[in-house]
Structures are given as structure tokens and as C-alpha cells.
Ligand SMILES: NC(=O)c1ccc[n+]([C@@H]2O[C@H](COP(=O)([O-])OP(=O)(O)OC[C@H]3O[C@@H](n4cnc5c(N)ncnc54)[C@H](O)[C@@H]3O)[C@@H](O)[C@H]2O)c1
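Shown below, as C-alpha cells, is a lone chain in the form predicted alone; questions about how it binds or moves come after it.
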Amino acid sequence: MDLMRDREEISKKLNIGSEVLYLTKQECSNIGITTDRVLELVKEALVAHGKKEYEMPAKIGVHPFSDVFFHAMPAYVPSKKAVGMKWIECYPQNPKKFGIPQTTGLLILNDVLSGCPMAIMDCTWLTAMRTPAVTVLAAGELHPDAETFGMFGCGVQGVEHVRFIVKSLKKLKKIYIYDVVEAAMNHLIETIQPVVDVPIIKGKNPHELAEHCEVLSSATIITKDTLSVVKDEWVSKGQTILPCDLNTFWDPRITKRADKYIVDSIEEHELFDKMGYFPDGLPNIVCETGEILAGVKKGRTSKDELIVCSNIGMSVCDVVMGREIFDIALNNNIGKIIPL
């Protein structure tokens, strides 16, 4: 379907240029997109990124306080007829101070031909879905035979990582989790264990996970200061590490000595480096995650390689997910059409 036909189909239900579809967080999360479909959509976005068939500047942001950020994340993915921008923020103190989530935001989706906004939707659910999807797709390419997986951080992202990981690592025998808040670990197990066949084990400390797991991921906090929770001496050759929290959680010596340091976006990592998030310097980047999924570059070439694959989130995934939500909502009369 070309762009004009696509616009004509949308115009049967939405007066583009005069109306916009508004979708709440609940409407987005209940839209009916399965885990398998999320993986399909995110893979399509990553492959487009890997083949350079997209437009996406590095995310820019503002920082009213030292521990918070706002990010503006525009993207255009021609193959999905998806163009728009996510405006998202993270306030880690929100749960304690105000009893609300630390991350909230909106995604605006536009008509490619006219540029007019077509949808305004909550973006927290799609962010919570596309982030673990990137991790597990990368894990499936870099370490498909792994029998053990470890997750640091048991918040929203940790829960979804554990839910998703069994989709790509088919030989898993054990999943280890760790969080400084034991209640978070208990919640993850109560939520996810009934829907996955692999035993989920509460780790006693970060050292235990680092020593026992072939594949490791982290979704904790992002700070300019490197916390080095996982020590260099705990990590061995042959492991795959997939952080979602930049350079914060891991001893920077790990990424420096890794045989391959892979990132979702070179441009975005270079931007964060300039902002001071890599105080010891950005490691040498060999390729991007999408290039591996697209078959443009090779991932693991030896079982003894130590690989770090840092994925901090790209708006190509956001707009592709947003377009899917929009299409389903419009076709099923979900959401509220409001005048511009």
C-alpha cells in the first residue's frame, strides 16, 4: 500500500488535519498486541535501522534536576509508514514522593504525506514492551544456546525482560533475578513464574548472578557516575551482557576488555559520551544491534568471546510500535477522536 492509499484508508475514519486520535495508557496496554507480535515489530524496526533505511537523530534532552531527564525522540521508518516523536521523562523519586510511576510520556504519530498529527498516545506501555524486546532479540542472536539468564533490576523493565527472554533463549534452564528491594523480586516471581516454565531464582547478591549466568541484563538507574555494582573479576569469557542502563551498573573495565562492544545506536552512545555518561571513555564500538539482526554484521563468532551489547532505546522502535497501536485502535473504534 503506497502512502496515498494509506492516507485514504485512514481518512475514512479520521479527518486528517482537523482531528486526532487520543489513546490512554490503559487503551494502549489493552490493545491486544501479543508478546510475539511485539518481537516481530521491534525486529522489523531494528532490521530497518541495521540496513540504514530510517531517519533518527540522537535523542536530545533537558535535565531540570541532576537525577532526572526528558528525552525528545523523533524517527521515520519508511517501510512501516511510521513517523512521529516520543516525549518521555524519568523521575526516579516519583513513586516515593508522589505515588506515581517514575516514567511517563506521550507519543505523537503523524501522517507522512501532510505532516499532520494523527494520534496522541501514552508511550509508557510501548516503551515497557519494546525495551525488553530489543534485549531478547539481541540475546537470541548473540547467545542462542544459553541455559542461564540473569536479570538485575526487578521493576517494570525487569518483569518484562523475564517474561520475554524465554521467547528467544529456548534452552534456558534457570533464570536468576536480583534487586536491592526484596519485595520487587517477590513481585516479579509472583507475576511471571505462572506464565514461564523456567524456574526463577532469587539471587543472594550480584556476585551470584554474574558467576552463574551465561547471559546477563540490567535495567536499573542511569547516572553519570559509574556504580560498578558488578565487578570486573566476576565476569568471564564467553558471557553476554546486555545492559539497558548505559555505563552505570557495570565495572567499566568489563566493557573495555570485551571482545565485542555492540550498541543499538552509535550516534546516541556518542552523544551520551559527550554528556559525561562514560567518565572512563566510550569503549570501541564494533557494530550496531540492528546490523546483526539484519545480517549485515556478525555477532558472536567464538564461544569464548565476552560480548557487551548496550541498548538504551531507539525511537525507530517507538514509532513502529505506535503505528501498530494506531492502526488497531482506528480499525476497532478504540480511543477518542478529538478536534485539533
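Residue numbers run from 1 along the displayed sequence. Just so you know, these numbers come straight off a predicted model, no measurement behind them.
Although it is not shown, the form predicted in complex with the ligand is what the next lines describe.
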Is every one of A45, M56 and M85 in contact with the ligand in the predicted bound form, taking contact as a heavy atom within 4.5 Å? no
Candidate from I254, A219, A146, I108 lying within 4.5 Å of the ligand in the predicted bound form - any heavy atom: A219
Selected contact from G299, G313, P283, G50, since only one has a non-hydrogen atom within 4.5 angstroms of the ligand in the predicted bound form: G313
Would you check, heavy atoms only and a 4.5 Å threshold, whether V181 touches the ligand in the predicted bound form? yes
Please determine whether D245 contacts the ligand in the predicted bound form, using a 4.5 Å cut-off between heavy atoms. yes
Counting only non-hydrogen atoms and a 4.5 angstroms cut-off, does A75 reach the ligand in the predicted bound form? no
Please run the contact check for T131 against the ligand in the predicted bound form: heavy atoms, 4.5 angstroms, yes or no? yes
Okay, which stretch from 94-102, 109-117, 137-145, 188-196 lines the ligand in the predicted bound form, with non-hydrogen atoms inside 4.5 Å? 94-102
Counting only heavy atoms, which residues in 149-178 are within 4.5 Å of the ligand in the predicted bound form? G153, C154, G155, V156, Q157, G158, Y178
